[in-house]
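Take a look at this one chain, the form predicted alone, written out in structure tokens.
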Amino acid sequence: MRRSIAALGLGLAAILPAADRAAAQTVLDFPTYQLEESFGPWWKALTEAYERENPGVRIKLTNAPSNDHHRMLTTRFAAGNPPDIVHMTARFIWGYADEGVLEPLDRWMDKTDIKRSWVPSQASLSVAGATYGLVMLNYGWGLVYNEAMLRQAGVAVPTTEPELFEAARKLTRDRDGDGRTDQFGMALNTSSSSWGFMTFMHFHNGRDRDIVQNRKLDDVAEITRTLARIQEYVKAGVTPAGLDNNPMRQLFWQGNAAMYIDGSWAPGYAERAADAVRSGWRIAPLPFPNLAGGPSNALAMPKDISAERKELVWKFIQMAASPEWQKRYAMVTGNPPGRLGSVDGEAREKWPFLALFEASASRPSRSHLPIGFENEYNRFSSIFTEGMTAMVAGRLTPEAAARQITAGLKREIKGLE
């Protein structure tokens, strides 16, 4: 057996029914990339409560760094050794469902109020009429900024994208006069990771463009315009080139960048901020007419586990979805949960920017996903960031990068026009 088995005393085994004895020997494997983030205390509390309500069942809750989490899941599914409780970035749900490695949840979910009580994006986590995940969080975005830096530079909080670029330019400084930039106006993720693709989508959706509409890829001219705008930030030196998420956030929270774009989890980083930043950060709505929306992360279940384990995993998912634990989600993490109406006045008082993220999550009219090709998200992300990073490194012009991206996607993805 692949999974570790908890040993029980003979006395306990003698007094428990057969089904309970099976449960008493079960350890559910649950890796998440959120354990070291602001979500960690909620996952730990939920896991402990589940174990109390299900004596003998233990959850092996472990942290998996976000940059490696998806790679780890792919490797484990391929090896036939998936975690029992699957927590993943929602944009990968469709690909796994398409590969047939996830269990449809409808036979349990249809007996609950989840489909009637959840954010609208819950309906998107289905393939061929079957639901493969429970949305834990919808994307809500904000512009995180250092108020003192903006005040010192005489810069107002930007409310349009041109104002964002101009503010970033004015906020970029050589503080010690050594000829090198040591305060960047903006920290943008332009890496080859899927978050680099998200940067593209912030600007592209922000221009009121979808990347795919009616199975047609947006044209080269429109992709070029978005890439050229991102390139302007890099060429102006207002952001370092090739930043991934961790260095991007570190740059801001250590006081070396004035602004960056992040999700509703951003306030959780304040505890580890430099003293000068900890009391002076603020969050404003993103200065785009439209936002990159959609589900952020989800709970799912592997197909290749026993029926007994599936029942135990569903009990965990159902507990996470309960009104009590959804309310705690908002209170503990400061993020708007999937269940509608779960954010109360106490949570809003504790987390001053929660209402802003709630509004952001409900505002998008565009999606960061390639609609109709969600199961191809990995290839979209990979081909896009390959072209974008080549542009950022100076090897391609924005138009050449757009042509490379367009040709690559149409060559690799069947049915994309």
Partner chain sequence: MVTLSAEPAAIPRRRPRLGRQARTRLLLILLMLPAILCTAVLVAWPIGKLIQISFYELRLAELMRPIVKPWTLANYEAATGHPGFLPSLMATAIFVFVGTALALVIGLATALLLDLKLTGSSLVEILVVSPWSVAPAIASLIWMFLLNDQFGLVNYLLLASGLVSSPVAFLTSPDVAIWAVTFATAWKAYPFFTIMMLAGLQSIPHSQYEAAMMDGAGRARRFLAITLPGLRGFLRVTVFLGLLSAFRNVESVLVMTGGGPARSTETLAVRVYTETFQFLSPGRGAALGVLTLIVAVATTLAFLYATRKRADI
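Basically, rigid core = biggest C-alpha set you can superpose within 1.5 Å across the two forms. The structure displayed is predicted, hence computed values, not measured ones. Numbering follows the first chain given and starts at 1.
There is also a form predicted together with its partner chain; it is not shown, and the following applies to it.
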Identify whether its partner chain in the predicted bound form is within 4.5 Å of every residue in the set Arg91, Asp98 and Pro240, based on non-hydrogen atoms. yes
From the candidate stretches 209-217, 279-287, 178-186, 161-169, select the single one in contact with its partner chain in the predicted bound form, where contact means a heavy atom within 4.5 Å. 178-186
Examine Glu386 and determine whether its closest non-hydrogen atom to its partner chain in the predicted bound form is within 4.5 angstroms. yes
Is Ala390 near its partner chain? Define near as a heavy atom within 4.5 Å, in the predicted bound form. yes
Closest heavy atom of Glu311 to its partner chain in the predicted bound form, within 4.5 Å or not? no
Asn378: heavy atom within 4.5 Å of its partner chain in the predicted bound form? yes
Which one of Arg71, Arg151, Lys111, Arg116 is close to its partner chain in the predicted bound form, taking close to mean a heavy atom within 4.5 Å? Arg71
None of Ala123, Ala79, Ala128, Ala156 but one has a heavy atom within 4.5 Å of its partner chain in the predicted bound form; the exception is Ala79
For a quick check, can you give me the residues of 397-417 that have a heavy atom within 4.5 Å of its partner chain in the predicted bound form? Arg411, Glu412
With both forms fit on the core, has Asp244 moved 2 Å or more by CA between this form and the one not shown? no
Would you say Arg76 moves between this form and the one not shown, meaning its CA shifts by 2 Å or more once the core is fitted? yes
